[in-house]
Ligand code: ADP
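Taking the form predicted on its own, here's one chain by itself in structure tokens.
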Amino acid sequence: MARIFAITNQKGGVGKTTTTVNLAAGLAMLGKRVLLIDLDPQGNATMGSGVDKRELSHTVYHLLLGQAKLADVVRHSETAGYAVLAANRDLAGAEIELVGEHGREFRLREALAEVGEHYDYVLIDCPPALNLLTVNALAAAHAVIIPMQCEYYALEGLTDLVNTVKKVKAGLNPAIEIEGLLRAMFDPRNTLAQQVSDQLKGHFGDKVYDTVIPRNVRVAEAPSYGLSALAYDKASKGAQAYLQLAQEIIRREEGRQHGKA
């Protein structure tokens, strides 16, 4: 059964899309069957996965509006090593078109109903806003991964996001939980970053991933080539950190399954 993660943070520029693409690549490199869903109209995760968003006849937009089935939208990228439900600017219109629709919060969940047997992990790249697209992701997901920078304002935004997850859990998706908090673009020389990191660990405990993603030029360069950092420069510190994150997530999942058995 596929484990579905919504990768979200309403604050932009925290490494959310970078995390989605590189975690997908890391899991695929470790032999897992992965589906990446780009739920951001900017389509950055699509382009970063080697799929040209300008040449798409069907996207996740058509899936949410019931104009296409999952099989019509899935693209398999040889360079990425995983499958992609791509997005482009058409997706921006989905929110307006879905406003009056019955069950609008569950469109993605319904579309993914048959995905479980085909993939081990589904990663949803959410837009940097708590809008209807993000709500669709949270309603469909088993758990949430929150990438964040260790800076002062990040803690305030984190509180809002945790409250949103609680509301979704109460009203739309009782099974959802926070899987983990990821310290991304981390600079260990920064005293404030260390202080915020310590606060996170003090408050959230083992919900904070052991893996820390450092600031890394190679990770920043990779998207311009339509590649993950692992495909662009596997030996770079950033790429290796994302591979370690994939390993940590697999270990956690195996532990979770063992605990259920």
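On a predicted model such as this, the values are computed, not experimentally measured, just so you know. Don't overthink the numbering: it's just position in the shown sequence, from 1.
Just so you know, the form predicted together with the named molecule exists too; it's not on screen, but the next bit is about it.
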property	result
Partner contact for V219 in the model of the complex: the named molecule, 4.5 angstroms, heavy atom	yes
Contact label in the model of the complex: L243 to the named molecule, heavy atom within 4.5 Å	no
In the model of the complex, V14 touching the named molecule (heavy atom, 4.5 Å)	yes
Close approach of V34 to the named molecule in the model of the complex, 4.5 Å, heavy atom	no
Three-residue site T18, M185 and P214 fully in contact with the named molecule in the model of the complex at 4.5 Å by heavy atom	yes
Location of the named molecule contact in the model of the complex, chosen stretch of 26-34, 46-54, 206-214, 63-71 [non-hydrogen atom, 4.5 Å]	206-214
